[in-house]
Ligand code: NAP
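Taking the form predicted alone, here's one chain by itself in structure tokens.
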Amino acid sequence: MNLNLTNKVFIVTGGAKGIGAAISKTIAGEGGIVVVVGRGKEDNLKIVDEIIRNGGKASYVTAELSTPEACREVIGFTIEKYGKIDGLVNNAGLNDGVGLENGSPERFFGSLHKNLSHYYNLAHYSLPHLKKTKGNIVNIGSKVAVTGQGNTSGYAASKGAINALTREWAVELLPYSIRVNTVLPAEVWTPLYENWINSLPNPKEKLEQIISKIPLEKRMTTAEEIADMTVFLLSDRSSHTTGQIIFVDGGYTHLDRSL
């Protein structure tokens, strides 16, 4: 299936590692142009070099997205270099373990700021350009927003807000034919996930326990499977899909885990 992405320009935050890297490579593989945004210059260079070596087109912006100014600079760079934005993938975030008992009001609001504010800021600053292209936004969420996890109030609240904003923005942007959707992963093996597992007591046993509860094929979702859904939603092959929270999780969130 031709996704008609050739020479369309997409910003991918957290686009150098894990799910974000898979999304960046998939966009490039479909002929799109990727602007990778991440805080680590070496990681950004690595993924951009890989994409270019494989015949794709990509640039990068090294940025800490916690300030509105940094978000504005990402949009400015993209417009200066390519003259347009066809899509925004809000992906950057961190399950930082700020809970109710082990956290504090200051840490909680810090977690909200770190995991949520750039989703709004980038959407806000990219909007004038998305109007011109009738582009779209795909947010990357988390099953934590609907299942809970424990000891991660800030991250869970942020991801719950992202689900709500997806529906809110989908309504607000209907007059401009701008679609907004969220892809919601559950258990996906990434460097961040590995760090989380290794922070737990008996990580090997915990990982085996989690995998045993994934209904479809008793395996974790791959980053490429998340990327495939994300890129499909970015394309005009999903031209009448908006305001959706789409679970790519092997049935983990909704099917009976006793299966």
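Residue indices: 1-based, along the sequence shown. This structure is a prediction, so every number in the text was calculated from the model and none was measured.
Not pictured, yet referred to below: the form predicted in complex with the ligand.
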The ligand contact in the predicted complex: Gly38, any heavy atom under 4.5 Å: yes
State yes or no: in the predicted complex, is some non-hydrogen atom of Gly250 no more than 4.5 angstroms from a non-hydrogen atom of the ligand? no
Does the ligand come within 4.5 Å of any heavy atom of Asp228 in the predicted complex? no
Any chance Ala28 has a heavy atom within 4.5 Å of the ligand in the predicted complex? no
Pick from Asn181, Ser126, Ser142, Thr78: which residue has any heavy atom within 4.5 angstroms of the ligand in the predicted complex? Ser142
From the list Ala186, Val98, Ile85, Ala156, which entry has a heavy atom within 4.5 Å of the ligand in the predicted complex? Ala186
Tell me which stretch of 99 to 107, 163 to 171, 130 to 138, 114 to 122 has a heavy atom within 4.5 angstroms of the ligand in the predicted complex. 114 to 122
So which bits of 3 to 38 sit within 4.5 Å of the ligand in the predicted complex, heavy atoms only? Gly14, Lys17, Gly18, Ile19, Gly20, Gly38
